[in-house]
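Quick heads-up: it's one chain on its own, the form predicted alone, in structure tokens.
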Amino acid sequence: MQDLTRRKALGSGLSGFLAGPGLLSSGALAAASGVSGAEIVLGVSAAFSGPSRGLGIELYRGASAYLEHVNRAGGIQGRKVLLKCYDDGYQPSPSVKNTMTLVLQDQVFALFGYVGTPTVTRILPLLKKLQEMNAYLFFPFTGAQPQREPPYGDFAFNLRASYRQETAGLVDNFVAIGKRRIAVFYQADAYGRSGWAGVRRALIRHGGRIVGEATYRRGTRFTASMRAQVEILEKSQPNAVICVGSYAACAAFLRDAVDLGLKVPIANLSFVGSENLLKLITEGTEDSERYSSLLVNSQVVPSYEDTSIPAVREYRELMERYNPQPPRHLLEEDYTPFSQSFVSLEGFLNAKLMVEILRRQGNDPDRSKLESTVFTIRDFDLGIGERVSFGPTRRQGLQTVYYTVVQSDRFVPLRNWEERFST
């Protein structure tokens, strides 16, 4: 269903790209719409390869399930909504090049469903530079601050809760059960620092501080040893660790922490990709509970197991009906999708809201009117129990953070922190 294209090598600079032969003049660029009589094209740059590929793939699959449903029902005013996708491997430089291609060459209507703080923070200055083209980024898979505040907040719209909200919630709940000595394991880049800053900010409110910290390099795989990081944190004698990373490295840290005897609750943010993390730590072991019993992950969407939620029922039905496949020609390694996941549910909700915005554009979609259209979203019911609103000073639609733990090798809602982590 989707229009997928492998990333091509481009010139290194924006000025060189704009000056390239055969490309559009600035006036033509400003008029380019990404809309035809048959299609509305959204541009995606995400991780479809590398150790974080599960994030881009699952986000894409969830969005694809909803868009497939909409397109089969006639689309929006007779136009199908297509995703034009490029792989950036969760690396900033390819993401910038892909974005230039999507905006300047492919002339997409909007950017949608990007993955990651290090990638998004690098494209925001580009969007500011191209602001006359109204090139907006919708619903990136990151809770970082740069796309939520000046000078770049005007060029992005966020659906999910922020990392500040996720880290504050984790810290507040740990402190409430007497676990005030909190250490941080984090990715050494903009994402990791954003989460680290959120933990620090929350602890200061409680009169505390981060007791220990250890980092790892973005792109680290599950096969890597995290012994050094575990030993660093052990010295600080934490009674909880908050991890700010992606699933391969965080699973490796969890594995080595348990094996080396660091028996404290280990928390992850929603970006980690919970199902991929759990798959890594449970495969090949007969005692999976040993690794998962002290694991707690925050989420920014409700549990996909809770079929009392209307949007969850819709998500599960459409994922089963269409079974969207990964963009295989963008994959460098085999990948087995999950029937349901928190990431694909987020992609599904992203697409559902994007479709509503496009519908409100009417018969003649216009990029220059996108922002004002988004601001008409007030108390919109996505079907998850929390209504979505946007406005000139509100560029984040949802605020709720959920907490999950592992039971019988699946994530379930955490009901009682004291009971779960009392020891």
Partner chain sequence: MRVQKVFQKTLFGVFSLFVLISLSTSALCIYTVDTHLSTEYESNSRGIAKTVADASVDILLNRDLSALQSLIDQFIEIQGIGYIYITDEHGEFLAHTFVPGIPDQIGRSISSSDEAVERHIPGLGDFVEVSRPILAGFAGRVHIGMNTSLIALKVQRAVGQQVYLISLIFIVGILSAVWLVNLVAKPLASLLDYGARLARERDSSAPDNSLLARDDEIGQLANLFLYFSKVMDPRKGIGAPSSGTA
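Numbering follows the first chain given and starts at 1. Computed from a predicted model, the values in this text were never measured in an experiment.
Not on display, but discussed next: the form predicted together with its partner chain.
Out of 107-115, 79-87, 304-312, 187-195, where are the residues with a heavy atom within 4.5 Å of its partner chain in the predicted complex?
Single hit among the candidates: 187-195.
Using a 4.5 Å heavy atom cut-off, which residue among 165, 270, 215, 350 comes into contact with its partner chain in the predicted complex?
After the contact test, the surviving option is 215.
Could you work out which of 74, 178, 151, 261 is the residue within 4.5 angstroms of its partner chain in the predicted complex, going by heavy atoms?
Only one listed residue qualifies here, and that residue is 151.
Assess the spot marked by 145, 200 and 232: is its partner chain within 4.5 Å of a heavy atom from every one of these residues in the predicted complex?
Spot residues vs its partner chain: full contact, yes.
Using a 4.5 Å heavy atom cut-off, state whether residue 97 contacts its partner chain in the predicted complex.
Residue-level check for residue 97: no, no contact with its partner chain.
Is the gap between residue 255 and its partner chain in the predicted complex 4.5 Å or less for some heavy atom pair?
Residue 255 lies outside the contact set for its partner chain.
Can you tell me whether residue 173 touches its partner chain? I mean in the predicted complex, with a 4.5 angstroms heavy atom cut-off.
Although its partner chain is absent here, residue 173 would stay clear of it in the predicted complex, with no heavy atoms inside 4.5 Å.
Find out whether any non-hydrogen atom of residue 121 is located within 4.5 angstroms of its partner chain in the predicted complex, and reply yes or no.
The answer is yes: residue 121 has a heavy atom within 4.5 Å of its partner chain.
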